[in-house]
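Encoded as C-alpha cells, the following chain is the form predicted on its own, with no partner shown.
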C-alpha cells in the first residue's frame, strides 16, 4: 500500500548555510499520528517546512498520495491537502473569530459547503461558537490555539503538520491542547507532530520518531518508547532537558 506521505532521503537547509536535515526518510499513512522528538537544533521544524513547501529540499523527494511535490509552492501543497501549523499562532489577530474562520474557508468555492465546514469546526471547538464576534487577538492563548485548529479543520486536509503546539502555553492548557490534537486525529486526519514536551507528544501519537543532528535516530511505536527505561533516559531525557 502506498503511504499517504513519503519523505525519501531529504536533505534541507536555509540559504547558503549548512544542511540542517540530512538524508531523512519517513512515511505517514492515513489517520496515523507520529510525533518527532529530539533536542533543539535537531532539524525537526526544518523538516516540516520542507514538507509544507516553505523550504525547498536540496536533495531527495517528498511524495503525497504517490505524487512528487518537487517544484510545488506552499499554497499548492496546502490545496492538495497538507496543512502546516507553525509555532506562531497563524490567526488574523485584528479580525473576529467568525472572520478568521471565513477567511480560512475562502478557498472553498461552494458557499454552502464552506458554511457547513465552519459549523463542523465550531462543533468540534464549541468555545469558539460563543466568541464569534470577539477579536481573535484578545482571546487567551488556549482559545487562540483552538481557533488555529478550527481554521485548519475547515479546509479538511488529509495531513496536518503541527510544530510545537504547546510552546508558550500555560501548563494548565497543555493537556487541553493535546486533547484537541486527538480530536483532529479521530476525525481521520493524519498528523505529523513536532513537540519538545516529549512525554505528552508520545502519549498523543501512535509512533515516536527520534531526530538528532538532522538525522533519523529511530522510529518505534510510541508506547514502546515510553515504556523502555533505557530509551527514556537516552532520548526523552535529552529532549526534555534541552
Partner chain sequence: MEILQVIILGLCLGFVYALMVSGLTLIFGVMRIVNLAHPILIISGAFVSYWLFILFGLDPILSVPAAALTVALLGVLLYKLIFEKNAAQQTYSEMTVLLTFGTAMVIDGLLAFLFHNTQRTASPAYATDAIFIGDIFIPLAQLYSGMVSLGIIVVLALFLKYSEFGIAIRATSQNRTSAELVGVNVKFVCLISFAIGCALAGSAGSLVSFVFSFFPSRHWEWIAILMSLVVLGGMGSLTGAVIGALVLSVVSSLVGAFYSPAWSTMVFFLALFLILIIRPRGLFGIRTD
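Just so we're clear, the structure is a prediction, and the values are computed from it rather than from any experiment. Residue numbers count along the first chain shown, from 1. For clarity, a rigid core is taken as the largest C-alpha set superposing within 1.5 Å between two forms.
The next section is about a form of this same protein that is not shown, the form predicted together with its partner chain.
A.B. asks: Just to confirm, residue 168 within 4.5 Å of its partner chain in the predicted complex by heavy atoms?
C.D. replies: Contact with its partner chain, no.
A.B. asks: At 4.5 Å between heavy atoms, is residue 54 in contact with its partner chain in the predicted complex?
C.D. replies: Within the cut-off, so yes.
A.B. asks: Using 4.5 Å between non-hydrogen atoms, is residue 102 touching its partner chain in the predicted complex?
C.D. replies: Contact check for residue 102: yes, within 4.5 Å of its partner chain in the predicted complex.
A.B. asks: Evaluate residue 149 for contact with its partner chain in the predicted complex, applying a 4.5 angstroms cut-off between non-hydrogen atoms, and reply yes or no.
C.D. replies: Because no heavy atom of residue 149 falls inside 4.5 Å of its partner chain in the predicted complex, the answer is no.
A.B. asks: Name the single residue among 94, 140, 172, 130 that comes within 4.5 Å of its partner chain in the predicted complex, judging by heavy atoms.
C.D. replies: Result of the distance check: 94.
A.B. asks: So which residues in 53-87, when you check its partner chain in the predicted complex, have a heavy atom no farther than 4.5 Å from it?
C.D. replies: Stretch hits, in order: 54, 73, 74, 75, 78, 79, 84, 86.
A.B. asks: Once the two forms are fit on the core, has residue 144 moved its CA by at least 2 Å between the shown form and the other one?
C.D. replies: No, residue 144 moves less than 2 Å.
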